[in-house]
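For reference, the chain that follows is the form predicted on its own, supplied as structure tokens.
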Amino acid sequence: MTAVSDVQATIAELRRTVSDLHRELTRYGLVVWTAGNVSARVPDHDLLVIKPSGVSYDDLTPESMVVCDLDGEVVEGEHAPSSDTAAAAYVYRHMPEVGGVVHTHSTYACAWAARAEPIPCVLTMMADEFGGDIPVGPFALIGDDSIGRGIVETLKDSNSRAVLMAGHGPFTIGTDAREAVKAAVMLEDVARSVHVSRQLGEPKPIDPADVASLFDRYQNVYGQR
């Protein structure tokens, strides 16, 4: 297989993967209408695959996914890319370990973002998945790389795979797109649980040493290896 055909095969597979992962956003109730998106880095190439802008989730297909370079410019595709493309591209340029970026408008995570309030690490599942509190990023307008700058600045020294962009909503990252979707699902679950706990009283934060231990176990021991 030539280098050109090899990258085309990789892009075709990522188109299918990214298209399919959008079903997980609707399955878990993390988006409404056409809001939200999943994107994936094309390994070893300065390219990403992302959802088209304003297209219904029911109408998404591998062929409708858009390929862009890491400046957010369209390389391949018949549709305009997501309005978050510049933000995702900025994350990929500045966080080489990131292979997937997801944005949702999930209700409870957005509620915390509306308050510009971090979600405190009061559950072992938060320690496992996020390694501490879910941080808040700065308010930023949509359309350029401002949101991406806020994501990178907030997460660069954090264990968290999620950030609540103030006045906007959650963005999650992962080593690949599936991992970023998982983080979005887990984020909404803990956002809801901690919200409910606050209706009963003030939740108790987990000791930082225990958070570190839980995070290390989950990331390096848990599951099948």
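When you see a residue number, it is the position in the sequence shown, counting from 1. The shown structure was predicted, so the numbers you read here are calculated from the model rather than taken from an experiment.
Below, we refer to the form predicted in complex with another copy of the chain, which is not included among the displayed structures.
When contacts are defined as a non-hydrogen atom within 4.5 Å, none of Ser5, Asp71 and Asn159 contacts another copy of the chain in the predicted bound form.
Using a 4.5 Å cutoff between non-hydrogen atoms, Ile206 counts as a contact of another copy of the chain in the predicted bound form. Put simply, Pro62 is far from another copy of the chain in the predicted bound form: not one heavy atom of it is within 4.5 Å. For Ser146, no non-hydrogen atom is located within 4.5 Å of another copy of the chain in the predicted bound form, even though that partner is not displayed.
Although the partner is absent here, Arg93 is not a contact residue: none of its heavy atoms lies within 4.5 angstroms of another copy of the chain in the predicted bound form. When you look in the predicted bound form, the only residue of Ala86, Val152, Ala111, Val75 with a non-hydrogen atom within 4.5 Å of another copy of the chain is Ala111.
Residues Asp210, Ser213, Leu214, Arg217, Tyr222, Gly223, Gln224 are the members of 210-224 with a non-hydrogen atom no more than 4.5 angstroms from another copy of the chain in the predicted bound form.
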